[in-house]
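Structure 1 and structure 2, given next as C-alpha cells, are two forms of the same protein chain, each shown alone.
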Structure 1
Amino acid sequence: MRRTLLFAVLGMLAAAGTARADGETVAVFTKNQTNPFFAAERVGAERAAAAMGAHVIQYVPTKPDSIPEQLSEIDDVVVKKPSAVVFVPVDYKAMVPGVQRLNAAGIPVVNITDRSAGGDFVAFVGASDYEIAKMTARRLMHALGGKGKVIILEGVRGALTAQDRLRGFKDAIAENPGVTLVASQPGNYQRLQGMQVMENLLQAHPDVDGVLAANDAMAIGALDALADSGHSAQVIGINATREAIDAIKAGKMLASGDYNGFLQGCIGTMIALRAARHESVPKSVALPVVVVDKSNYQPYAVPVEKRACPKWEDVPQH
C-alpha cells in the first residue's frame, strides 16, 4: 500500500517535471502572503498562464516584504531561467540590483503594480495610486454635497503608495472649499490601527462627516470604531476587497477605489509570455480607475477564483 503510494507520488513528480520541461514557465514575484491584493494578483497570473499553455512558479517572501528574501529568490530564478518574469518589487528602490541581475541573465521582465526605480523592463502594468485616491475621494465629496468635516487615515509614511494616495485625497479635498480636513493621521494600512486611531480621533472630532482611508482594511476598522461609539460618517477606502464590497452592498461603506490586482496579474503575465514568444507588446498599460460603489459592485462580488482574464484585444494599450 505504502509502496503504491510512493510510486504514485513519484509518477506525479515525473509528470510535473516533464510538463515543466516542455512548456514555458513564468516566475511571478509578489510582496507577501498576507495582503489579499497580491493573492488576487497571483490568481490572475495563474489564469493567464493556463490560458496560454504555460506554468507559473510563485515567489513570495515568507517574511512579508522582505528585501533579502526577494533578492535570494531572484538568484534562484537566474539559475532556473524561466521563460519570463512578472515582478512586483518589495521595495521600489532596493530591488533595482536584483532586476539588473535578471536583465543580465537575458530573461524578459514585466514590472507590475509598483514601478521599479531602475532596471530594464519589457513593460509596466499598473494603476495610478494618485488617480485612484483622487477619484474615490471625489465620490465622497459628491456624497457630502461639497461640505463637511473629513478625516484622512494615511498608509505607511514613506511608502510610495501612501504618499501618492495622500496627495490624491488632499487634492480632491482642495477642490471643495466647503470641506474641512480636521485630522490626517497614520493607520499604517492596518485594520487594528485604523480602528484605534479612529477611536482616538472621534474623541476630538465627534462631528466628523467623512473618512478617507488609504486602504480598505483601515476603512473597515474606521467603520467599526464609528459603529461601536454610535457615530456615523461616510467612509471610503481603496482596493475593492471582498469585505469592502460586502460593506458597500450592506450600505455601511460608501465606495472603494479599485486597484484590481487580478487584472494586473492577468495582463502582466500575458505580456510576459508574449514577450518570451517575441510577439508585440505595449510598453505600458495603465488600468482605468474604477470607483466601486452601490451602483456597480456586482462584478466585484464574484470571488477572484471565478473571474476570467480579459482577451488580449481588450487590454488597454498605450
Structure 2
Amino acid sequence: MRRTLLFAVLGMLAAAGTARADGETVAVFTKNQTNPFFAAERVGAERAAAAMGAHVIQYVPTKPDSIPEQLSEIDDVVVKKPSAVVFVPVDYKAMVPGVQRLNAAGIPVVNITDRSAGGDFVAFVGASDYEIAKMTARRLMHALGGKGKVIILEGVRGALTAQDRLRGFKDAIAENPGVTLVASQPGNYQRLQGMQVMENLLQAHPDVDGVLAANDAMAIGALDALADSGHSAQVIGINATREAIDAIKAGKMLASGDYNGFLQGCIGTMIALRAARHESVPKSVALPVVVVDKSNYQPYAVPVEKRACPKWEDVPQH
C-alpha cells in the first residue's frame, strides 16, 4: 500500500475526487512564506481542491511562524465560515485556543504536518519526524563508515517536529560509537540562519565530517557556509524539497528524508472536503519513510507544480 501511494504521486497519476459540489471553500493554514516545504503543501491543497470542484483560500503569516497573525487569521475564518479547514499550527500548543474557536464555529478541521496539542480534528495527516530523522541520519552514518565528527542543525527549539527530529538524529548517532557529536544548535528551519550557525560552528570545528540538518533549508544553508569557507562535509536534510534534490543530483548533498509537503497538502484537503460532504474519512494518515539520495532521486526531480494528487483509493486508511 505504501509503495502504491508513493508511486501514485511521483508517477503523476491522475487525481480523483468525489462528486463536485460548487461553491465549497477550504481555508488552508501554513506557517510561513519562506520555507519551500509549506509552498509545496499549498500547491498540493490547490491541486486537490481543484480536482474535487472546490477552491482554496491560503492563510500564511507575513512574519514567519507568527502566533498573533495566525490567531487573527483564525478569527477571519470563523467569520467567513468556509466548508472546511486544513491546519498547520505555527505553534502546536499556543494555537489550541484558535482551533477550539474553529470547533465552536462548527467548521471541520484537518490537522496536517505538526500535530496540535489540543482541539478536535476530523483527521491528522503527517509523517513520523522521529523515524524520518533516524533513517536519514543512518544514511549519513553509513556514508561516514560509522566514524567521524558531526554537527546537528536543529529546528525551532520547543517545536514538536524539532524535538522529534533531534531525538531521531541522536539515536542514530548513538548506534555508532565511532561518531562524535561536536555541536548541536538551532537554525530555526531557515536557510540564512542555518548558514550563519554553520559559519560560526566551522570556526570551532573546521574538521567536521558530517552535518545533520533538521530540514532542507538549513541543509542548503550549511552547504553555502561550507562552500564559502572552503571546507567539505557530508550533509543531509529533511523534506526532499526541489533545492535539496538539485543538490543531491549535483553531488553536493548526500540525502534528504522525504516529508512530502505536496502529498500532505493533497490528502489533507481531500479529507477536509470529504468530511464537509459527510463522506467517510480515516482518522489518521501516516506517510511512508523514504530516504532520497543519488540512487532514487529521479522521481522527486519532478516539480511539485507538475505533480498530481493520488487517487482516493491509494490513500492509506488508518
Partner chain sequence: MSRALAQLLARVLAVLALCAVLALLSDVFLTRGNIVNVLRQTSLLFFLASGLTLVVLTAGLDLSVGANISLAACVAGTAMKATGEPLLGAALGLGIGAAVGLCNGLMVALLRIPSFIATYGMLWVLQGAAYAYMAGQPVYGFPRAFRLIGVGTVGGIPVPILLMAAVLALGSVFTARTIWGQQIYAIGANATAARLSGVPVKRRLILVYLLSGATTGLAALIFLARLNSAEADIGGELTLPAIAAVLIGGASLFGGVGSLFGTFIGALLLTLVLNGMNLLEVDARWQPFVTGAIILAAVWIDMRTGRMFAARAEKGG
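Fair warning: this is a prediction, and the values are worked out from it, not measured in the lab. The term rigid core refers to the most C-alpha atoms you can superpose between the two forms while keeping them within 1.5 Å. FYI, numbering is relative to structure 1, first residue = 1.
Matching the description of the form predicted alone is structure 2; structure 1 comes from elsewhere. After superposition on the rigid core, the Cα atom of Q100 is displaced by less than 2 Å between the two structures. Once the rigid core is used as the reference frame, the Cα position of P186 differs between the two structures by 2 Å or more.
Superposition of the core reveals a Cα shift of 2 Å or more for V208 between the two structures. Taking the core as reference, the Cα of A225 moves 4.2 angstrom between the two structures.
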